[in-house]
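Form predicted on its own, single chain, as structure tokens, below.
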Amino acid sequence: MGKKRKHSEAELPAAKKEETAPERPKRTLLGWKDKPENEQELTGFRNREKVLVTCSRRINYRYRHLMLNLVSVLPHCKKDNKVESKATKGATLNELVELKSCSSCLFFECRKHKDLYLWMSKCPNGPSVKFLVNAVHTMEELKLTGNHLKGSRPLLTFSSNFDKDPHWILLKEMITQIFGTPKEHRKSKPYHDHVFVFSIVDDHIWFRNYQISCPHTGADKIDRGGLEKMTLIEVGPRFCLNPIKIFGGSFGGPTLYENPFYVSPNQIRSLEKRQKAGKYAKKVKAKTRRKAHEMTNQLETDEFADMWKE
């Protein structure tokens, strides 16, 4: 019989390799992250701009429709409940912007059910701008023939006046950051089929939204030379922004610019009332002058006045 081997001499079985599932890639807003982290870091800056859009209580229905129209054309915005427009609205809005993980804010403030003010602010450090909104026309009112894809990225165009003065340059940069849809945003579509036009006329900023219409044949491709025949069809909404003040902080702070040509709507209404009151005062003065003239210049009595009386 053979000799038994000692335990020390016995060959130990080879250690089995641990069979584990491969590590699952990380989940992101744009899908699975398949590339290594080093390559992801080299892609560069990603715009994470988000805009909070809200309004004050007791807002007019036309101004509320205007706000909803802007929400429909800005896929990177977030809505929130109405905010009471008091002296402490700045702190409240800054807190809401932080809770919603936003970096900008559009606040529609309505006063006396007539006047609409728009606050455009970069939170939480500023700057911020206060506008008076005039010439409001919503999409429901205009009934224009233009139409564009919801969520598509707009092209921003500015008139040459924006490069003249420092306050217009600052407003151009703020409008670019707030109204420009970030690239590869999860709610946006990678198409450019409409244009936001901002033009300065009489120290007012006029906003228009146009659809880019290209001539097509039966196929999906554009004809050669068709870009020259490209047309713009207005979609809406329309409004006009009259800048009042530019502040260094968010919803307040030091005043960087104040519009010297701004006249509040309260002063305009008071002047109109004074003109109407002046018309009535002129009528009363004319009556008193007529009576005084009749008293000083009385007619002579007619001797035949009582001839035909019985």
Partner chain sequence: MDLRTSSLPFSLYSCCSNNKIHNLLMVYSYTYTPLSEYEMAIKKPTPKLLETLPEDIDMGASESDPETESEPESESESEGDEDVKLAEPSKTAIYNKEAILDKLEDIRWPLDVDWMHKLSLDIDQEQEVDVNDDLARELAFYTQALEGTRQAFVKFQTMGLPFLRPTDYYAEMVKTDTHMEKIKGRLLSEKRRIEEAEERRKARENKKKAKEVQAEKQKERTKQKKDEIESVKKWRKQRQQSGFAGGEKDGDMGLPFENGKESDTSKKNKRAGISAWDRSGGKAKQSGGKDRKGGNGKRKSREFRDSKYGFGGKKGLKKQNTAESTNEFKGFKKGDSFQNKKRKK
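The term rigid core refers to the most C-alpha atoms you can superpose between the two forms while keeping them within 1.5 Å. Keep in mind it's a predicted model, so treat the numbers as computed, not measured. Numbering follows the first chain given and starts at 1.
Another form, the form predicted together with its partner chain, is not on view; read the next lines as being about it.
Contact annotation for the candidate site: L52, Y63 and K100 all lie away from its partner chain in the predicted bound form (no heavy atom within 4.5 Å). Interface residue among L96, V235, C77, L116 relative to its partner chain in the predicted bound form, by the heavy atom within 4.5 Å criterion: V235. Its partner chain is not shown here, but in the predicted bound form it comes within 4.5 Å of a heavy atom of D165. Of the heavy atoms in R208, some are within 4.5 Å of its partner chain in the predicted bound form. Residue contact with its partner chain in the predicted bound form: K86 places no heavy atom within 4.5 Å of it. Within 4.5 Å of any heavy atom of its partner chain in the predicted bound form lies no heavy atom of F131. Along 120-137, these residues reach a heavy atom to within 4.5 Å of its partner chain in the predicted bound form: K122, N125, G126, P127, N134, A135, H137. Once the cores line up, the CA of K114 ends up less than 2 angstroms apart between this form and the one not shown. Superposed on the core, the two forms barely differ at E173: its CA moves less than 2 Å between this form and the one not shown.
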